[in-house]
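Below sits a lone chain in structure tokens, taken as the form predicted alone.
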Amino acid sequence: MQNLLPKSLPDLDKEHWKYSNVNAALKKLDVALSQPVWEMTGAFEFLHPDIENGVHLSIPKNKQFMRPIELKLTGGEGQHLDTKIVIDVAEGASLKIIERQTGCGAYWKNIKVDINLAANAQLEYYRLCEEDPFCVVTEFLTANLARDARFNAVVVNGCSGFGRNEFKVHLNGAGAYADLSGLALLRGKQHGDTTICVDHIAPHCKSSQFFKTILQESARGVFQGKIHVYKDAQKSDGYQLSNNLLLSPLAEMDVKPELEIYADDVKCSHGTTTGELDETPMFYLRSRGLNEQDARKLLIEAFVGEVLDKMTDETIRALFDERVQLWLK
């Protein structure tokens, strides 16, 4: 059978997409290539005009930002937005970025994000997706970390009919650290796919993957996480955990954790859980006077709170928490 995956997607490997039929999702759309318009606050002086239909930020050496940079892209009915973000962070620089994705109607966003962190650079990257339930979103983030660089990313996905978030992180320099976390909130017939590969290329590097999914009605979630330790990457420390909560017997969760290790002095682990709300804490809360609805809400809030706790900035945490609370109502 002919592979109909669009050529504009960066990875068309059949095995790589076996849980997520992007062809079927795109066939439901009637879209035409449109001009993406990014809204940005906080960093116009570091903006390069060299990327057509995208954003290129170049952060100078040792620059420290007091406030986060905000990027926002809004989709509209019938649009195909093919766009790119490039972020180059020089040695010793530190910043926070909030990427917000919104829209209304049936559209397709195909977004490529390239992040390059020089030695001792630090980036906290927060993505909040509030898309239309009839849209398709494919976003691919690649991060390259030099010596002692730190990359923290938190993604909260609360919408889109079909969503694919892919991360490829390369720990190229000794002492590099990547911490990836995410929360997917799916209902109806929404499909949310998170696919990750972290390459431990240099020694003494550390990585963490911590992702949660809540599924209602007939929603489907996918988590594919991989830790790849190269031969020379001794003293690597890799951690991966996927926790998933099914709130309906019709919901489906596909989980594929992987460890591929070629070094012999490493500490790597992965784990996953998928199930309904635990009846033991439910019984405890009911015995303390809470009704079933309030007890369920409290347990679900505790479940999502572990991901939101990854946000070090209280203002950003409050923004994301507000959106999550709206979904939980």
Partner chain sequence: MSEPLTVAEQVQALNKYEAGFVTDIESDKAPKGLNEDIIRFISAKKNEPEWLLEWRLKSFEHWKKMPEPQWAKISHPPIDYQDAYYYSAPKAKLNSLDEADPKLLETFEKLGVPMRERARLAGVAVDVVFDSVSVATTFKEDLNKLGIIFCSISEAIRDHPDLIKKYMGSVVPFHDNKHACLNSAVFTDGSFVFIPEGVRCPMELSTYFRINEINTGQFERTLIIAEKGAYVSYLEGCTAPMRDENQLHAAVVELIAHEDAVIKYSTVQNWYPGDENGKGGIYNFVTKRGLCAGARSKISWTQVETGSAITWKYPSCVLKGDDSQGEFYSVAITNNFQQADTGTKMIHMGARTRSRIIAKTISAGKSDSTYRGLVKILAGADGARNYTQCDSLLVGDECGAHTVPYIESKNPRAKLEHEATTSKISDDQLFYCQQRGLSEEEAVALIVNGFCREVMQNLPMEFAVEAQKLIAISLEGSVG
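Note that the structure is a prediction, hence the values are computed from the model and not measured. Residue numbers count along the first chain shown, from 1.
Omitted here: the form predicted in complex with the partner chain. The next part is about that form.
Student: Given that the partner chain is not shown alongside this chain, does Y262 nevertheless sit within 4.5 Å of it in the predicted bound form, heavy atom to heavy atom?
Tutor: Flag for Y262 set to yes.
Student: Closest heavy atom of S248 to the partner chain in the predicted bound form, within 4.5 Å or not?
Tutor: The answer is yes: S248 has a heavy atom within 4.5 Å of the partner chain.
Student: Does the partner chain come within 4.5 Å of any heavy atom of E15 in the predicted bound form?
Tutor: So E15 counts as contacting the partner chain.
Student: Test of understanding: in the predicted bound form, would Q234 fall inside 4.5 Å of the partner chain by heavy atoms?
Tutor: Taking the distances in the predicted bound form, the answer for Q234 is yes, it comes within 4.5 Å of the partner chain.
Student: Look at the stretches 61-69, 264-272, 32-40, 298-306 and give the one with heavy atoms within 4.5 Å of the partner chain in the predicted bound form.
Tutor: Heavy atoms within 4.5 Å of the partner chain in the predicted bound form occur in 264-272.
Student: Give me the residue from I111, A118, M253, C197 that has a heavy atom within 4.5 Å of the partner chain in the predicted bound form.
Tutor: By the 4.5 Å criterion, the partner-contacting residue is M253.
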